Structure formats: structure tokens, C-alpha cells
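In C-alpha cells, one chain follows: the form predicted alone.
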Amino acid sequence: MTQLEGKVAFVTGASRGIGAAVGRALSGNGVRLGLASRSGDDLGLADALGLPCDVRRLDQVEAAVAKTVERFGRLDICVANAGVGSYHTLVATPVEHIEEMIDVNLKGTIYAIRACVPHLIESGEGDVVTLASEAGRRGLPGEAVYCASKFGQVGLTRALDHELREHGIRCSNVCPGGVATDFALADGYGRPPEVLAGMMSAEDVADVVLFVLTRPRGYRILETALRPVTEASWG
């Protein structure tokens, strides 16, 4: 039996990439899952509920969380992972990309955590993990709007540490550097596939999420930052 056996987690952006890797890692540790994504994929995991959900829509997020609690009877963990990226100078960033990054990365994180918090309080020892980014810790050229959305995620989760600690809820930012997934490689988003060479895997990041969630309840990890060894340090 693992430390997480029998717990219930709600994960956004769960159909691929880091979200799917987190879902598989949690499932392997006995966690029951509400897996929210636009496709509603359950990843073929036992005790996983696939939930079609657009995190830009608060009503859909609330409905997905409610279905998770209805199915499993409780909620202990919220992993806010859904995200999109666009890599251009500020002026060259298409307006629709600006809106999508703010809506998915920032508002989607707010909506997911907001919907989960009452259930996490009820559980008595909940966890919130936000999948932010190194771009949420430092401003980077060609990523201004993406950085803004990720700085917002980091600030939100830091503030919630103050709000929710008294309820037994731990709030953590996980801030990876480059991860070799298909994230942000769609046409028009500014990155060619060759940038994936030398990056970390989604499973590397999932291992860190698992580490955060399995620490003794007597302390909390406010932020973890990880980068591939091929990626330069920025101070």
C-alpha cells in the first residue's frame, strides 16, 4: 500500500503530455482519478473517470469536479496542468494566441482550483499542485505573454498557500524547463520539432509531482524548479 492509496485526484489537461504522465503515475500509486481534457480520455486506467472539459469554461470545470466527487465520494488532490504556449515577440503574437494563453493557462488554473477547494477542505488534508514553468519564474524573450500567464499561476498558488494552509491544504508550484512533448508545436505557435532534443520527459515531471504529494504532512514544498542538463542556467 502506498501513501496515496485510496486518494482521489482531479487532473486537468490529462489526455496527453505531462497531464497524462501525472495521471499514470498517480494511478500506479493507487489514486483514483478524474481526468479532465477536451477529449475526455480516461487513458485506459483503472479507477479513472474521463471527463470532457474545456478549462476556459467555469461551468464545465465545476461539472467535471462534481462528477469526480460523485463517482469517488471525495477529493484530495487538484493538479492544475492544462496549458498552451505561443512563442513570438509581443507584437508578433496573434491576438487569438494571447487570449488562449490567458484563458487556458491562467483562468483555467483559477477555475480548476476554485472548483476543487471546497472538497479539498472537506477532505482535511488536501493538495493543490500547479504545473507552472520556468517561464513563471523568469521573463524570457519571445515568450512575454506565455511568461505573464505562468507568472500568474505562480502568484496564484503562492497566495493560496496563505489562504488554504489553515485548512490543511498544501499548495505547490512545479516549474519545469523544457519538456519533450508536443506542447506548443502546432502550426503557428512558433517552435519547430527539433527544439525537443535534449529536453526532459513528461515522466520526469510526473516524478516530481509524485514527490511533492508524498512528503510527510508536517511540511509543504512551495516550489520546485527543474531543468534538463542541456538547458542553460539563468541565475
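Each residue number is its position in the shown sequence, starting from 1. Keep in mind that this is a model prediction, so the values were computed, not measured.
Form predicted in complex with a small molecule: not shown, discussed below.
Among L33, T68 and R170, does every residue place a heavy atom within 4.5 Å of the small molecule in the predicted complex?
-> No, the whole trio is out of contact, none within 4.5 Å by any heavy atom.
Among V84, I102, L164, L156, which has at least one heavy atom within 4.5 Å of the small molecule in the predicted complex?
-> By the 4.5 Å heavy-atom cutoff, the listed residue in contact is V84.
Can you pick the stretch from 125-133, 88-96, 68-76, 156-164 whose heavy atoms fall within 4.5 Å of the small molecule in the predicted complex?
-> Checking each option against the 4.5 Å cut-off leaves 125-133.
Is the gap between A206 and the small molecule in the predicted complex 4.5 Å or less for some heavy atom pair?
-> Although the small molecule is absent here, A206 would stay clear of it in the predicted complex, with no heavy atoms inside 4.5 Å.
Would L45 show up as a contact with the small molecule in the predicted complex if we use heavy atoms at 4.5 Å?
-> Result no; L45 lies far from the small molecule in the predicted complex.
Heavy atom of R215 within 4.5 Å of the small molecule in the predicted complex | Answer no; every heavy atom of R215 is more than 4.5 Å from the small molecule in the predicted complex.
Does any heavy atom of G177 come within 4.5 Å of a heavy atom of the small molecule in the predicted complex?
-> Heavy-atom contact with the small molecule at 4.5 Å: present for G177.
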